[in-house]
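Shown below, as structure tokens, is a lone chain in the form predicted on its own; questions about how it binds or moves come after it.
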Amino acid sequence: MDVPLLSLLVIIPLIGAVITLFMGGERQKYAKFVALAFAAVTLVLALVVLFTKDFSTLDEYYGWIDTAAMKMGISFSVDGLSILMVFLTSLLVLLVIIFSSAESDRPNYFHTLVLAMEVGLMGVYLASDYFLFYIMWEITLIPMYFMISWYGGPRRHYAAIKFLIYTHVASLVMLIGIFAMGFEVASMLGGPVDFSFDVINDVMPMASETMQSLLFALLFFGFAVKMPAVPFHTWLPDAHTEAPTGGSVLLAGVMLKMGSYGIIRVCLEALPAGAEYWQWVIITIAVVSIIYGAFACIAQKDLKKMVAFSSISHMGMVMLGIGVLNEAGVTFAIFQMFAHGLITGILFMVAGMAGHNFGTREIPLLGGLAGKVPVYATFMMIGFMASLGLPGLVGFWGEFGVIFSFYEFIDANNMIWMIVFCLLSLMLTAGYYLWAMQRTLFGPETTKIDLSHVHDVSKTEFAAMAVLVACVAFFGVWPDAALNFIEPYAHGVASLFGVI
């Protein structure tokens, strides 16, 4: 009997979330161990899937609605686009539970929300039915809303409401696009509305360019808000600044990737003519996001807010890779999604620890930390260096690959001058990271806050960040370990545009 691995990746954290939810009273102190056990099992299952030779053997389908008018199914599948996101989700959830083991404010609810987020995220990345995809997409919003609203900073309610409004409105626009695709395909085939990825993504490319362009605009808007791309980005800095550290790690590490995942999975696969029609709009938004995010980082005094704006810039890199519509661009856009998830895990853990351990995240108030907390300083340096693209670390390959693909595109279009935007973004990124590092770690020892009783990283914090550092180094030295999964998928997507 075949084990339904993909279903278990959704069911296991769901069971863990239900159990921890009811661990109130004296049992609260054990909630972290229960959550840790379920998250560990989920990671093991994700690794089993990762090392499966033929992903098609894992496909699952369970009938849900099958009438003369409509067909929906609970169906799961995995491929070169989703497998790294599945692995990254399971890894970050486990590390967040380890990192947040000292959480004392209603720990059972906290760990319930973390595991509930894993349910939604796994569902998004594994779903192969559009309606199931949308349901799972919406499920991710609920626990993140409560995570910010219950465990966030002083402006947590404002940030939570803003997060919910922006992302939910974008989701509704996306839903309109999904239904429109379903009805269009049904009219083309003369059958019931079938929301399966296989049917819609196979038939929609045969629709008219006008129809594809209109639907692309609807769906792209929904996904771009989630990434987020300028000018739909304003919810992100507030959400990150107010969210607890664990929430920020999951938000930046895997939830933002839902946007870029949706653009590739839906907009490129199902609407290639629409993607070609809007190509220069995508590239323009990407370049503006990259430059704006980098400039905004330089102006930040809050360490966590700086990292939040850096996510806008780096996700702009992902969109740029997607926008060039060639194999190298799609390949390294997916790789950059994975790399950014690993790196931001370190960065938000470091930023969160500054607030917890030192009493402030304000960069001007910090200084001389390298002498007081050397282990913390080491993790900060590695995170910053990886994010600015230091060779030998995973961030280098994502940025280098995207810039390489963009160079190929603009060279073919006789617009080589546009490479200046990439060079400017690299200089700005190096500038704000090195400046922040100089002031916080190696500047004069601060006299504005008392560091005499400050302790370095705890054992659990060290364990969580050490795993991420190991991954950042491993994939930085051996990027093929990830690229081998991505390249066959990217080749198939590029063939839709006649660019191999």
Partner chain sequence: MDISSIFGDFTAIIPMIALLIGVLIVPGVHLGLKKPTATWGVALAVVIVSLVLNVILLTGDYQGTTLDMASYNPYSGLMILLFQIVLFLAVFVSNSSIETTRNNTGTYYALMMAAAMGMMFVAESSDLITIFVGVELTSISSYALVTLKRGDSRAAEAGVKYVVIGGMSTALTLYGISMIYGLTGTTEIAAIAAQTQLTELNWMFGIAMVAMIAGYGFKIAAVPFHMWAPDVYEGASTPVSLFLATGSKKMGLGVFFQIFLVMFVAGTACSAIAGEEIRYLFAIIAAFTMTVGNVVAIAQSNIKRMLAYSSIAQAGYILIVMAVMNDYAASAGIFHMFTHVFMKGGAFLIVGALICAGIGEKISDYRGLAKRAPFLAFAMMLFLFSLAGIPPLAGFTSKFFLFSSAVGTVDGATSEWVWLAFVAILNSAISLYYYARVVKTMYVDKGETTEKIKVPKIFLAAIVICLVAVIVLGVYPQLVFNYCEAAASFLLP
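What you see is a predicted model; the values in this text were computed from it and never measured. Numbering follows the first chain given and starts at 1.
Beyond the structure shown, there is the form predicted in complex with the partner chain, which is absent from this document and is the topic of what follows.
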Worksheet entry | Contact flag, D59 vs the partner chain in the predicted complex, heavy atom cut 4.5 Å | no
Worksheet item: Is there a heavy atom of G355 lying 4.5 Å or less from a heavy atom of the partner chain in the predicted complex?
Response: no
Worksheet entry | Contact of T67 with the partner chain in the predicted complex (heavy atom, 4.5 Å) | yes
Fill in: the partner chain contact at V193 in the predicted complex, heavy atom, 4.5 Å
yes
Worksheet item: Quick one: which of 310-318, 339-347, 133-141, 264-272 gets within 4.5 Å of the partner chain in the predicted complex, going by heavy atoms?
Response: 133-141
Discussion item. Suppose contact means a heavy atom within 4.5 Å; in the predicted complex, does that hold for all of T360, V375 and A464 with the partner chain?
Written reply: no
Practice prompt. Name the residue from F421, Y277, F295, F179 that puts a heavy atom within 4.5 Å of the partner chain in the predicted complex.
Written response: F179
Worksheet item: Between the options L365, V203, I161, I291, which residue brings a heavy atom to within 4.5 Å of the partner chain in the predicted complex?
Response: I161
Item to complete: Using the arrangement in the predicted complex, list in sequence order the residues of 162-189 with any heavy atom within 4.5 angstroms of the partner chain.
Response: L164, I165, H168, V169, L172, V173, L175, I176, F179, A180, F183, E184, A186, S187
